[in-house]
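First, one chain by itself: the form predicted alone, in structure tokens.
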Amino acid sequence: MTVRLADPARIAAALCHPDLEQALYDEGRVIMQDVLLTLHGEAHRKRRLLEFGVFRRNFFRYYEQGVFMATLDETIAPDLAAGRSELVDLGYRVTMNITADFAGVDRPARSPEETAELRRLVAIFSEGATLIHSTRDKEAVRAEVRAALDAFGPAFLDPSIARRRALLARLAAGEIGEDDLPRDVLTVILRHGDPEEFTPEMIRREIAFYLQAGAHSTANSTIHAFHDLATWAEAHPEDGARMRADPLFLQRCVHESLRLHPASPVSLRRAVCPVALEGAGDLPAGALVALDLAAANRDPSVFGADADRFNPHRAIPAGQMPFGLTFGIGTHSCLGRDLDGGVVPKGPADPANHQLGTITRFIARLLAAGARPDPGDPPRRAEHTERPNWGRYPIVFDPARRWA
């Protein structure tokens, strides 16, 4: 039995309901079994408390304005030199590095070959996690995920674990201080996690989950945002000039794109016991509830008559986020919301000190370099998923469009 909800208020209530567990990733258990996103109840609360220390707003601001910009410049440099790029690949390369830092995956070589291999593995992990929407043979995808997990261990995870265990031993011996430890999920797990819970296989799935979740959703959101903003600026040159002059307006444009393109268009929950749910009635244990986030984010009663179109000037009702339910709410809300989307201004804000979010800063870097869709090579939608993602998006860096 499956019921569907599209009303924003009813979806919000369902997302916060303690008797509805995550069910969207059942097909992808090969990588998603017992990771943070799929745990429920007390197990989820304990895991979230353990790992949440990495995701503090003050650190997000430091990371966004310092580490991320240096990583972005390093990653995009060869593309700028070539005068062109493919945005799906570039988006994965950039966002994968962000997520790897938070997850705790070392990339000591920092070479194109190392980056390409990690990018290959993360793409496979992402396809496995979103298997419910794949149009490929599901067993074939699962086999690819198992092989990728097997390769991920010796190539990336095992050396990362060894380095952190050595640092923790030096900390215990008094040779280094707290500030000398990496600030990432893997370090937290190795230091404070229950060894009976965090078996080698569990650690491998948890870190692979973090890698794919951050890279997959952030890369796709960045590509959608670039397309929306570039298209809007072409039709509204005055807003294109404002994107250049006003970082807060640029962030507002990104939030409007995030509203239109939630990473998971539909969220799926399962009743763990009989549940009475507004809009769905009395549900038996095991019933599935499909939460149509994409429809809720385009509800005209909330976002206006043109809710299904990009419009960065729309009035946002009090109590609503400009990006709608894209990041979710409740205990399963996205931990990286403030990192990706930044902080929503609650009044006048100083752009120099405001947390804009890595997507806004990524888009600003692209536009400042004169990026535009390649007129000779149109973008194409992804072919092997039901999700409305871009599969290929060639861009060129036009010197005539560079920001001063």
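As the structure is a prediction and not an experimental result, all values here were calculated from the model. Sequential numbering from 1, following the sequence displayed.
This protein has a second form, the form predicted together with protoporphyrin IX containing FE (HEM), left out of what is shown; the following refers to that one.
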{"item": "Selected contact from R61, R372, R48, R365, since only one has a non-hydrogen atom within 4.5 angstroms of protoporphyrin IX containing FE (HEM) in the model of the complex", "value": "R48"}
{"item": "Position in contact with protoporphyrin IX containing FE (HEM) when the complex is considered in the model of the complex, options A263, I161, A225, V275, heavy atoms within 4.5 Å", "value": "A263"}
{"item": "Answer range among 282-290, 240-248, 203-211, 84-92 for contact with protoporphyrin IX containing FE (HEM), defined in the model of the complex as heavy atoms within 4.5 Å", "value": "203-211"}
{"item": "S126, R136 and A294 all contacting protoporphyrin IX containing FE (HEM) in the model of the complex, non-hydrogen atom within 4.5 Å", "value": "no"}
{"item": "Distance check, R269 to protoporphyrin IX containing FE (HEM) in the model of the complex, heavy atom within 4.5 Å", "value": "yes"}
{"item": "Distance check, R259 to protoporphyrin IX containing FE (HEM) in the model of the complex, heavy atom within 4.5 Å", "value": "no"}
{"item": "4.5 angstroms heavy atom contact with protoporphyrin IX containing FE (HEM) in the model of the complex for Q22", "value": "yes"}
{"item": "Distance check, F310 to protoporphyrin IX containing FE (HEM) in the model of the complex, heavy atom within 4.5 Å", "value": "no"}
{"item": "Within 326-340, the residues that have a heavy atom no more than 4.5 Å from protoporphyrin IX containing FE (HEM) in the model of the complex", "value": "T326, F327, G328, T331, H332, S333, C334, L335, G336, L339, D340"}
